[in-house]
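Take a look at this one chain, the form predicted on its own, written out in structure tokens.
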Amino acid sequence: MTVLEGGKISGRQFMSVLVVLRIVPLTLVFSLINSIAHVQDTWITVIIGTVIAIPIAVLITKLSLRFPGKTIIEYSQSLLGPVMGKLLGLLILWCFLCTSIDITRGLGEAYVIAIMPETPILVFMSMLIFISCYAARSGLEVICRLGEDVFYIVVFVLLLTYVLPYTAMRFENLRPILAWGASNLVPPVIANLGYYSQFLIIGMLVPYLNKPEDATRYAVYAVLISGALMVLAAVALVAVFGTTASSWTLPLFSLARMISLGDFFERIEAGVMAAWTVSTGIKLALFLWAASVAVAQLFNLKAFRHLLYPLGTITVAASLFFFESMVELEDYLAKAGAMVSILVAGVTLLLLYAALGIRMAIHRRKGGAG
């Protein structure tokens, strides 16, 4: 293996960045609540998606642990051969880039809608890309250290946002439950799993863990923590906004704007804005790092850092080209984007586990013959 990244990360840092990358959509658009016809059941769909996501995370980590020191790009070629392995690696790379494009456009739209509507969106996206590329050039260890700090900040801000509007909460808004049948739950569960499919990036992180054997445990913790934060968000939003919760473009920001404790504790939406920025920056830096390392490993390059700014430029250009508005982005993330992410993750795991099973069967047969 060509050593492209010399950094090492702890299990806690690994867990923190996974939680951050999953809750970024929550701090921005929370497309789960926008993809369900009856918002009273949103918290149920979050629980279902979280339960299904646990085996996905376990499968990815267990597979990576079978190939110590190798990323998913490298062991794909070991299992499937150089041609099929590179093709699958290109598919994974494309998935990383698509996620980067979605993130960049999402934060740019959020800033334009909520804060500076007259400022061109290109300004916000360019600043985000530049900062994220700079962080990614510093290496995985720096990204994950920042991610651990950001994790505590974002969780604290989210919990404040959930709790402080308690005077406006009407928990009867959460009823009726499942009054429209289980079919109502399918679209948001798919949207939820689409985001969890991004955990395919685990295959790029496990080789750099100080204790790789802890990967499965911390990946499950990440799913549970992010699931709990989303359940609380769904309950708070529906309790406050009722059936109109799905009509808000930036629901969590709107929830934060309602907070006022006397005349001294107001404008907590500034904290939500900060959570937007830092969590999105960490997630984008992580995916740009993964994409650049993937390119270097696919084409046998000796370094990856010089690829980051070109990939960042491509990300900004694609963000402007593929989406025209936040509405279009939300619709894509909840439907086509979710299905594509699930398909890519499913095909990747199916091919790799099938190839691994075949190789193990051949090995056992040869051992028996010997």
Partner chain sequence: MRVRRCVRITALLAIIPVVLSMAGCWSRKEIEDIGFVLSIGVDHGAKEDEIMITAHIAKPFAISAGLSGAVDEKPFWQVSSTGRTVFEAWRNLRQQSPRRPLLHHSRFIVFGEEFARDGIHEAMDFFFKESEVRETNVVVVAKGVKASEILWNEFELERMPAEGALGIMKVAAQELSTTVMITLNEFLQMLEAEGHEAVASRAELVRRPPSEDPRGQLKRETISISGRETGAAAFKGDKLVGWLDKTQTRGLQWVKGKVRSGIIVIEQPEEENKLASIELVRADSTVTPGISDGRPSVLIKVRAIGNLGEVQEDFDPMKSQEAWLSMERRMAEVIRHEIEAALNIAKYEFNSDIFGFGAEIQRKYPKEWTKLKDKWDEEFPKLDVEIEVETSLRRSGLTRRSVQTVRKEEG
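Given the structure is predicted, the values throughout are model-derived calculations rather than measurements. Residue numbers count along the first chain shown, from 1.
Keep in mind the form predicted together with its partner chain is missing from the figure; the text below concerns it.
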| Of the residues V123, A228, L160, L90, which one places a heavy atom within 4.5 Å of its partner chain in the model of the complex? | V123
| request: Work out which of the listed stretches, 207 to 215, 192 to 200, 135 to 143, 73 to 81, brings a heavy atom within 4.5 angstroms of its partner chain in the model of the complex. | output: 135 to 143
| For the spot marked by F156, Y221 and L349, is every residue within 4.5 Å of its partner chain in the model of the complex through some heavy atom? | no
| task | Report whether the minimum heavy atom distance between V240 and its partner chain in the model of the complex is within 4.5 Å. | result | yes
| message | At 4.5 Å between heavy atoms, is L128 in contact with its partner chain in the model of the complex? | response | yes
| message | Contact with its partner chain in the model of the complex for W180, defined as at least one heavy atom pair within 4.5 Å: yes or no? | response | yes
| query | Taking heavy atoms and a 4.5 Å cut-off, does G108 contact its partner chain in the model of the complex? | reply | no
| query | What are the residues of 50 to 75, in order along the chain, with a heavy atom within 4.5 Å of its partner chain in the model of the complex? | reply | none
